[in-house]
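Quick setup: one chain, the form predicted alone, written in structure tokens, and binding and motion questions come after.
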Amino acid sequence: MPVADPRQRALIEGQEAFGPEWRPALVSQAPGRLELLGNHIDYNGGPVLAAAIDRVVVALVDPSGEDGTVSLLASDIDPAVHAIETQPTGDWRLDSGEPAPADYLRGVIAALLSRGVSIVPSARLSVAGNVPPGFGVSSSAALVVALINAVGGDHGLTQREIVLAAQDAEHRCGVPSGTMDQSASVAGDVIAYDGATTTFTILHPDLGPYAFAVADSGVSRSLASSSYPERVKESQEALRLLQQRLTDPPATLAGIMDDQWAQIEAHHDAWLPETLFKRARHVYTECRRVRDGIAAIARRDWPAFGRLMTASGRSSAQDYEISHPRVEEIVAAALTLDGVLGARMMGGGEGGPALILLERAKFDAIRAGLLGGAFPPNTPEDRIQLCTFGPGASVQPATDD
């Protein structure tokens, strides 16, 4: 039976792989995240509400080993130990294919070296996590942030500098991410992320009797291979065309003012192709939903927040056309169940998860209802998981190991 606790699992697997003399001195961990509101508007300069969750990637660090080498074991994914020489890695980029954990480590080392950060002289790392891949909770961002703090030594980087280094590492692996995922993982709790400035404000909301759940559709997706890059291009083209028409044109789609949107609606047949009009409409309305969501959080009005989530999901599916039929089936089924306040597709789209806001006391009944109606027979219960908000990334002595 596998050990559930990722820190204990990393310890056991590390000792088996490296031998009994392997003794971790540091533990670096970083959480996954939920995207609560603000789908696909971060790269359009818009605001996003995101939350760190109680699911983490843990890296146990033994500073021994061969000088100039970092050895990585990520036994959840790959039973092999990968030894990576640090100094020739400064210009590294993945040529093609999906990145493996060792590639993310190479990306981290390259990103840190390019910033003048010294990598630890040597290290043997054992990594494990309970951030479920495929659930749309950014397991890759959690991994990269944990690795930065594991191999960066006393890097002295600010939170924002860690975020930018993590983004650089993912870009080097061929993943066209923004900085929202990494910001949530670094900061913890709930953040109001500003896509225009790529900065964030930490919020401390009170969920009261409510909670969020994530339902995995079973349809895998990847930023590197999805239509995410195509939506970025479409957004940029919509902005370019609107800047030619509007007085005092906005710098981003998210910067469109209410009076400007009224003009766009009145003239959109002449100003934009229908597809680009729908993309712009999603960005405009989603920005309004995020602002309304921040206000709802402030007054603890979670039923209103749930309605905003549902509207966000409809816009993401219909105007941005980024969802998937399986995910929409789960959303539709969830919205029929007692105790559900709202539901929507989450993340990049074309698969992945549905996010559900619900009454915590009714979670078991809601999960049973979904498993009995929206999933194939005998689907494991862990395809639907309850998540709570959690702290941000940390690194500390491994005194208990």
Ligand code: GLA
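These numbers come from a predicted model, not from an experiment. Start at 1 with the first residue shown and count on from there.
Although not depicted, the form predicted together with this ligand is the subject of the following passage.
In summary, the region of this chain contacting this ligand in the model of the complex, judged by heavy atoms within 4.5 Å and restricted to 62-70, 354-362, 371-379, 31-39, corresponds to 31-39. The shortest heavy atom separation between T179 and this ligand in the model of the complex is within 4.5 Å. Contact annotation for F277: none of its heavy atoms lies within 4.5 Å of this ligand in the model of the complex. Taking non-hydrogen atoms only, Y228 approaches this ligand to within 4.5 angstroms in the model of the complex. With a 4.5 Å cutoff on heavy atoms, G347 counts as touching this ligand in the model of the complex.
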